[in-house]
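The data below hold one chain only, encoded as structure tokens and taken in the form predicted on its own.
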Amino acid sequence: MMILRAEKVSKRYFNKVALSDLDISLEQGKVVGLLGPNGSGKTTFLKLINGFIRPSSGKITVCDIDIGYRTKDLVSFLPDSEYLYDWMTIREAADTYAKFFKDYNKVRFNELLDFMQLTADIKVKSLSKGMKEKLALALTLSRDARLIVLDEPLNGVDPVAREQILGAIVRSFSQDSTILITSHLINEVESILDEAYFLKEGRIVLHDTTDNLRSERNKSLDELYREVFAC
């Protein structure tokens, strides 16, 4: 089943073209990377998926439904910014999250907390950046959504936290869903990706399964990334 389909999607801001004629298809049961440097258009595309902005042209569907209020229940989004209130405990943050999303899975959330060595009575303000990232990820992955969208989930966290975050993604992954990850830390995420789209200046310049990309070009994904985006 096709979870996400973007057809000839473009986005313009006045005279600036952020995205140009994107064709992206994500199948059920895949972990897919949307890879590119800062300013390549990754976050703009994620905003379109979540309905925060509208495309200038083209069409995006999730499970064959046009982006809109009906797709809110199908997409779980981890933004590249902090959104939790400092005065909350982890338990209070989870309770608030559960009120917003009817597909919240409390058992999975608690399992992810244990896996990432977080306890429910800790206040958000006392968490390090890496711990906050792990909490936000646990909340995002706790939903039984069809499309999980993770915007730079490894940014600004230490190597140990990165390993835990990647482990949590793999641990919670369901074959009924699809995960889309944006990142420029290719050597970190490469091992969990089934497919990769390379986005450069708003255009898809390369796409294939990660196995094909490595075997046909005899390079790791990280080496290929450096080649594609070399100045």
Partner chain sequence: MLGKLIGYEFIKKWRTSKFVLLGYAMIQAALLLIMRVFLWNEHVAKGFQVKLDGVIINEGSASGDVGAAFAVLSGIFFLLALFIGAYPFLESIYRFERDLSGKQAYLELMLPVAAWKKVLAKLITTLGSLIVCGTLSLMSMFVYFMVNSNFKYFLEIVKAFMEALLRDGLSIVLLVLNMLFAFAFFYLVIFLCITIAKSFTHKNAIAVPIGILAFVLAITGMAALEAQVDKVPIYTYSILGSEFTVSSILLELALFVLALMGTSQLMEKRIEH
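Just so we're clear, the structure is a prediction, and the values are computed from it rather than from any experiment. Residue numbers count along the first chain shown, from 1.
One more form of this protein, predicted in complex with its partner chain, exists but is not displayed; see below.
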query	finding
Three-residue site Asp73, Glu82 and Tyr97 fully in contact with its partner chain in the predicted bound form at 4.5 Å by heavy atom	yes
Partner-proximal stretch of 23 to 31, 175 to 183, 192 to 200, 65 to 73 relative to its partner chain in the predicted bound form, 4.5 angstroms, heavy atom	65 to 73
Residue contact check: Phe77 to its partner chain in the predicted bound form, 4.5 Å heavy atom	yes
Contact of Ile53 with its partner chain in the predicted bound form (heavy atom, 4.5 Å)	yes
Residue contact check: Lys123 to its partner chain in the predicted bound form, 4.5 Å heavy atom	yes
Touches its partner chain in the predicted bound form: Met88 (any heavy atom, 4.5 Å)	yes
Candidate from Asp144, Glu92, Asp158, Glu111 lying within 4.5 Å of its partner chain in the predicted bound form - any heavy atom	Glu92
Residues within 4.5 Å of its partner chain in the predicted bound form, restricted to 20 to 48 and counted by heavy atom	Lys47
